[in-house]
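A lone chain, given as C-alpha cells: the form predicted alone.
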C-alpha cells in the first residue's frame, strides 16, 4: 500500500486550515471536498484538480469542524463563534443554525444513515445529538468522570469533549476528551456504557473500522495511535512513530490502512496488518490538522484518494493504492 502525491494548493485559505471532509457524490455531481479555516470561511473544492467551487461565509470566528451528510446533499460547519451552520451543498442555502454556549461546539459527525448529527460539546462535557429532519435536539449524552477521579481534582476541564465517531451500524458513539479518556455510548438508549483508557493526553480524533464495528482507532497528543476493541474495553494495539501530537486520523474504505496527521508536520500511512507506519509524507510545512480518505461510491471512481490540510494554509491530495 502506498500514497502518491497528486496535487497541493498553497494558500487555499487565508489562515490555518483546521478541518476537512469529503462530500459524497450525488446523481448530479462527483464527490467534493469541504474545508474549514481559521479565516472564518468554508470552501468547496472539485477534488481532482483542487479547483475552488465556492466559498461560504457566515461564521464570525474560525471554523473548527466540517461534516457532510451521507446523501451528499447537505453539510454542516462548526465555528468558535458557537454556531453550527447546516447548509445545502450545491446552493449554500442555510437549512438550520444550531446555537450553543461558548466553547461547546467541536468536532461533528453525521451518523451512517444521516438521521442524527452528533456534536462534541467541548466544555459542556457532553455530546449533543440533533435530529436531521427537524433540527431539534434529540439527546444530550453526558460524559461521566472515570472511576477513581476525585471531584476536587479540578478535572472538570479534563472532561472537555473534543472528538466523536459513529460505529458503522450507527448503534455506538465514541467521544474523546481532553484528559485522554474515550467514552462509548449506546445511542438508541442514550446510555453511557464504558470508558476506554490508555491515553493520558487529549484525544483529538476517532474513527471506527469500516470492516469490524468493534474496532475503534484513536489519535492523541501523546503521539500514539491506539486500536481498541470498543465493546470488550480492551486496548488491542498501540502504534507510535510520530514525533509529536497526532491531531487527526482516518481509516481507508477497505479497512486495511490508517492515515494520520500530526503536529510534526507529516502525514503517515499505517498498514493495519503490520500495525506499523509504511510511509511518511512531508508535503506540509506546519502541523496537519485533518486527513480524510474519499468514501467509496460515485460513478467510475476506482482510485483511492486521501486529502490533508494544515496550519500552513495548504491542501494536499494523494492517490492511495491498497494491497
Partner chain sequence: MKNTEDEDRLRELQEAIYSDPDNYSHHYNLVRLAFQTGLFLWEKGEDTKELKEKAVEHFVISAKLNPNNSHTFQFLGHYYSRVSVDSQRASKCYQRALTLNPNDSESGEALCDLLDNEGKESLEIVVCKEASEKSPRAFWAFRRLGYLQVHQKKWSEAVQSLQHAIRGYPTCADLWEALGLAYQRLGMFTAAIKSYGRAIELENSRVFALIESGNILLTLGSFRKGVEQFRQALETSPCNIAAHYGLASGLLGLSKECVNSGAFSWGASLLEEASDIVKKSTFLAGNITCIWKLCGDIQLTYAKCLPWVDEGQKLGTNEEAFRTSIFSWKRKCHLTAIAASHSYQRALHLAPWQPNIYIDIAISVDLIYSLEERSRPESDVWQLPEKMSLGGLLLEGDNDDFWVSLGCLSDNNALKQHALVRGLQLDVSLAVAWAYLGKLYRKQGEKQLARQAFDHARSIDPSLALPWAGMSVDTHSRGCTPEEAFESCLRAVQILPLAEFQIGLGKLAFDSGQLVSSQVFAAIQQAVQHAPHCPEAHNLNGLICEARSDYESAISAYKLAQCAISTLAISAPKSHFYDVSINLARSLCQAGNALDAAQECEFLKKEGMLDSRVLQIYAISLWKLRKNDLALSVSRNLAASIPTMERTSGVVSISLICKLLYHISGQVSAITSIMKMPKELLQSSKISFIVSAINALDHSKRLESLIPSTRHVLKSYEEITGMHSLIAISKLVRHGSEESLVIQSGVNHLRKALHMYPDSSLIRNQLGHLLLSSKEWKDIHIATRCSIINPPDCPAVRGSKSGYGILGAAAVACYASSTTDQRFSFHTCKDQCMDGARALQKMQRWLHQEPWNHNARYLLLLNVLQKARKERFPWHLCITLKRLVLSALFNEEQYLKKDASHIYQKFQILLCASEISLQSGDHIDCINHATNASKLLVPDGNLFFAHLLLCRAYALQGDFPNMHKEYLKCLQLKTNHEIGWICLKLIESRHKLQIDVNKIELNFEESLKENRSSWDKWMAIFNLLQGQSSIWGHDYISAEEALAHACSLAGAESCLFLCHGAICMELARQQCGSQFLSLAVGSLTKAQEASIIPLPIVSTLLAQAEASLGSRAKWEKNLRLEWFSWPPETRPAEVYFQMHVLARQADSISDSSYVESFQSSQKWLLRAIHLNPSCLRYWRVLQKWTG
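Note that the structure is predicted; figures quoted are calculated from it, not measured. Numbering follows the first chain given and starts at 1.
We do not show the form predicted in complex with the partner chain, though everything after this point is about it.
Visitor: Is there a non-hydrogen atom of residue 123 within 4.5 angstroms of a non-hydrogen atom of the partner chain in the predicted bound form?
Guide: It does: once the partner chain is placed as it appears in the predicted bound form, residue 123 has a heavy atom within 4.5 Å of it.
Visitor: With a 4.5 Å heavy atom cut-off, would you call residue 87 a contact of the partner chain in the predicted bound form?
Guide: Although the partner chain is absent here, residue 87 would stay clear of it in the predicted bound form, with no heavy atoms inside 4.5 Å.
Visitor: Is residue 263 close enough to touch the partner chain in the predicted bound form, meaning at least one heavy atom pair within 4.5 Å?
Guide: Residue-level check for residue 263: yes, a contact with the partner chain.
Visitor: Whether residue 285 contacts the partner chain in the predicted bound form should be assessed with a 4.5 Å heavy atom distance threshold; does it?
Guide: Residue 285: yes, in contact with the partner chain in the predicted bound form.
Visitor: I need to confirm a contact call. Of 38, 68, 32, 292, which residue comes within 4.5 Å of the partner chain in the predicted bound form, counting heavy atoms only?
Guide: None of the other options qualify; the answer is 38.
Visitor: Quick check on this chain: which one of 251, 129, 178, 215 has a heavy atom within 4.5 Å of the partner chain in the predicted bound form?
Guide: After the contact test, the surviving option is 178.
Visitor: Among 45 to 53, 253 to 261, 268 to 276, 59 to 67, mark the stretch whose residues have heavy atoms within 4.5 Å of the partner chain in the predicted bound form.
Guide: It is the stretch 59 to 67.
Visitor: With the partner left out here, if you bring back the partner chain in the predicted bound form, are 110, 170 and 186 all within 4.5 Å of it by some heavy atom?
Guide: No, because 110, 170 and 186 lack any heavy atom that approaches the partner chain to within 4.5 Å in the predicted bound form.
Visitor: Go through 91 to 123 residue by residue and record those having a heavy atom within 4.5 Å of the partner chain in the predicted bound form; state none if no residue qualifies.
Guide: Residues within 4.5 Å: 99, 100, 101, 102, 103, 104, 106, 123.
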